[in-house]
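To begin, one chain is listed below as C-alpha cells, in the form predicted alone.
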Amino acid sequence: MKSVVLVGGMGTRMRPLTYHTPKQMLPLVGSPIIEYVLGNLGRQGVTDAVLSLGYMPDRFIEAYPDNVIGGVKVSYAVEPEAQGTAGAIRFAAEHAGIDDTFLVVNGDVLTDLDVTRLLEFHRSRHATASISLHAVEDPSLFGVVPTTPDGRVIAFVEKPPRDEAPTNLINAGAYLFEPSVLERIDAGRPVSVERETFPALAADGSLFALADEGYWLDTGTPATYLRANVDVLEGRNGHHGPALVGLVDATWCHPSARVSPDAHLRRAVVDRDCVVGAGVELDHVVLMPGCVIDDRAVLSHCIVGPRAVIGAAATLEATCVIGAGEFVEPGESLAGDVRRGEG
C-alpha cells in the first residue's frame, strides 16, 4: 500500500522550536518524530510513502538522501504554495502517481493504528473514503465525527464547543481514500479536507468512519510533545520507535552526553552532547542536542532546545520552552507558558 504523509505545516504551536526545524523533525527520544510515524506505517504494510512538503522541505530531503525513512521508501512532493490539507493530498498523490486505494496520515501524530482492520472495513462498506476515529475526553479541539451504527458518517463537525459535541469520537488524522476522491478536490486554490471534502462526501453518503482503540497522540503542542517522549521512554501502549541504547529506569541519555553522577533524573531525555551539572534535577524534561544545564538547576515538565544554556540554580517549571541557543540566567525562575527564543 502507498501513503501520503502530510508534513507541510509550520508548527506554530511548537515555536520557538520550529523556527528552524519542522515539527516532524523534532527529536523524540533521540530520533525525529517522522521516523516513528514511517516506522509504524512500514509495520502496517505500507511500502511507499510520499511526503507532502511545504515548510522547510530541505530539512527532510537532506536528512534522508537515500529516500528511506523508518524502512519505508519515500518520495517528496514540495508544494509551490500552500494548497490546504485536501490540496496537499491531491498534489502529493498525483506527484507520486497513486492510482489505487491509499492511506493518508498526519506526520505529527503517533499511532499504532491497525491499517489492515481499517482497510477491511473500508472495502466492506464500498466506501469512497474512510476515517479512523479516536475517543478523547475533550473533543472541542478536533473534528468530531458522528456516524450511523454501520459507520456511515452523518456529519463532520470541526472543533465544536465541548458541551455541543455530538460525540467524543474525533478525526484521528488517518484516512483511506479511493483515487476518485482526488477528482473532487479543486486544483488551483486552497482546499480543506476537513471543511470541504469530508462534508461533501458525507452528504453523498460515501464517507465512513471506524473507531480505533489503539495508541494515539497528536504531538503538536509542548505538553503533548513531552508526553510523547515519556510514552516512548515507558513503552506505553505498545508504542515503540527505533531501538534505544542508554535507556535506564525510564530515562534516556545519549552515549555522548555528560551527566554528573549526583544529578537526579526522572523520565528525562538527554540528547547527544548535552552536559548536565552537579546537583541538577530533571523531571519530565527533554534536552535537545548540545544543551548545557549548569549546577543545581531544577527543571520540571519543560523543553530545552538545541545548544541552549540553563544557568546555575535556575528553576524552570511547566511548561517552559527554551529555544535553540538561548540562555537562562543563573538563579532565574520561569514557569507557565513561557516561550523564549526568536525566529
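Computed from a prediction, not measured in an experiment: that's the story for all the values here. In this text, residue numbers run from 1 along the sequence as written.
Only in words, not in the display: the form predicted in complex with a small molecule, which the text now covers.
Chemist: Can you tell me which of 140 to 148, 163 to 171, 75 to 83, 269 to 277 lies within 4.5 Å of the small molecule in the model of the complex, counting heavy atoms only?
Modeler: Partner-contacting stretch among the options: 75 to 83.
Chemist: May I ask whether Ser132, Val153 and Asp212 all come within 4.5 angstroms of the small molecule in the model of the complex, judged by heavy atoms?
Modeler: Zero of three within 4.5 Å in the model of the complex.
Chemist: Only one of Cys253, Ala202, Ala88, Leu265 gets a heavy atom within 4.5 Å of the small molecule in the model of the complex. Which one?
Modeler: Only one listed residue qualifies here, and that residue is Ala88.
Chemist: Please run the contact check for Leu26 against the small molecule in the model of the complex: heavy atoms, 4.5 angstroms, yes or no?
Modeler: Because no heavy atom of Leu26 falls inside 4.5 Å of the small molecule in the model of the complex, the answer is no.
Chemist: At 4.5 Å between heavy atoms, is Gly323 in contact with the small molecule in the model of the complex?
Modeler: It does not: once the small molecule is placed as it appears in the model of the complex, Gly323 has no heavy atom within 4.5 Å of it.
Chemist: Should Ala308 be classed as touching the small molecule in the model of the complex when contacts are defined as heavy atoms within 4.5 Å?
Modeler: Taking the distances in the model of the complex, the answer for Ala308 is no, it never comes within 4.5 Å of the small molecule.
Chemist: Would Leu282 count as touching the small molecule in the model of the complex under a 4.5 Å heavy atom rule?
Modeler: Close contact is absent here: in the model of the complex, Leu282 is far from the small molecule, nothing within 4.5 Å, heavy atoms only.
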